[in-house]
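Just the one chain here, laid out as structure tokens, in the form predicted alone.
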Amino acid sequence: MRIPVPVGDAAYDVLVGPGVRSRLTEVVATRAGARAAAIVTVPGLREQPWFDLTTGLEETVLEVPDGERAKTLDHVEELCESFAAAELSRDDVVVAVGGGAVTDLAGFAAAVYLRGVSVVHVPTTLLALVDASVGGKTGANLRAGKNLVGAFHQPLAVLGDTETLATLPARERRSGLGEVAKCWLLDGRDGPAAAAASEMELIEVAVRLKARVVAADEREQGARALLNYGHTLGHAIERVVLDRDPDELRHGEAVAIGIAFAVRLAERLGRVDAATVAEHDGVLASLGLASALPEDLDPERLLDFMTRDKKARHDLRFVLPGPQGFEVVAGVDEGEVRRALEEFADASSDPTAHRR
């Protein structure tokens, strides 16, 4: 499957299928003058039998920690120092092999090293394939919140090899489905269709939607902000949970919970009715996603992080469904958000709440 991302002069393809990692040499060859490549990955992936990647160039393999703990400015600096030690030039290439944290981190380092060197993403998780690797968003976290530093830096290509996806544990697949659910809803599709869809169909819907949106609004000045649906609360949940256990929750799981909250906030604000809430819950349930808050999360702390979300402009902003479809709604009353969040937390503590 080939899905073009027509972003002006930086247009590229997302290739999905078994064995597409073997196209890496072909992609890298489009960089005239390239002599070296830095492959950024995590320790566990280098041991996988499919880690037979070759660029046809002088290669340096660099390892970073797994997961969100890698997305720090310290690790960005370490990568850039390693690029310099390997004498990468502006003609050379960075290859990010891993999940969304790896593509975010390596992409950001590539964006700032020498003010920009080319990057190829080889996502090895469903989440990275349908979200982080497509669209050119790169970044790192601050203590104040997720992805508060970063750059737009489009890749040369994205190679989504389904042979690597087949090795994923169920929980990693579920995390990817959180972003799929977001795209499924933004595309106006229903729960029964999601339940009946194959993995390739789910991937295609998500990537094609993102490609269309990114092509129309690369720098998130308008419609691209809609891709943050579910992320305002989702990122806040991640930030709180990271402090107590980095492995407690995956990004897509947090986004799914954020989606369940956002549609309920929209109902509270009179933008949608109960049927829309039920439709959202149906899509989440059909993909096996929880729609309840984890236990023992303080609503006030979550609200504090939501006010520091990267979309905020000194106010509370949410992507919400409404009569005209999905919109970025600015200036949402803090009291209404607090009450909606408290009700959501109370409902989540009900033993009959949807959990997986």
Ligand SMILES: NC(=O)c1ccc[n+]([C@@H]2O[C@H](COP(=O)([O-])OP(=O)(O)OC[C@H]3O[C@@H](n4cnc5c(N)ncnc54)[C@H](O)[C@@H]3O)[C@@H](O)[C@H]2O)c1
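If you're wondering where the values come from, they're calculated on a predicted model, not measured in any experiment. So that the term is clear: the rigid core is the largest set of C-alpha atoms that superpose within 1.5 Å between two forms. For every residue, the number given is its place in the sequence shown, counted from 1.
Missing here is the form predicted together with the named molecule; even so, the following discussion is about that form.
Residue-level contacts in the predicted bound form: of E267, E248, E172, E78, one residue has a heavy atom within 4.5 Å of the named molecule, and it is E172. Only one of V119, A254, A101, L284 lies close to the named molecule in the predicted bound form, with a heavy atom inside 4.5 Å, and it is A101. Picking from 27 to 35, 295 to 303, 42 to 50, 326 to 334 the stretch near the named molecule in the predicted bound form, with a 4.5 Å limit on heavy atoms, gives 42 to 50. By the 4.5 Å heavy atom rule, the three marked residues K71, D131 and L168 all count as contacting the named molecule in the predicted bound form.
The closest heavy atom approach of T164 to the named molecule in the predicted bound form falls within 4.5 Å.
At the 4.5 Å threshold, heavy atoms of K210 reach the named molecule in the predicted bound form. Among residues of the shown chain, H153 is not one whose heavy atoms approach the named molecule to within 4.5 Å in the predicted bound form.
Remark: D66 counts among the residues lining the named molecule in the predicted bound form, judged by a heavy atom distance of 4.5 Å or less. Interface residues of 108 to 131, taken as those with a heavy atom within 4.5 Å of the named molecule in the predicted bound form (partner not displayed): T124, T125, L127, A128, D131, in sequence order. G145 is among the residues whose C-alpha shifts by 2 Å or more between this form and the one not shown once the rigid core is aligned.
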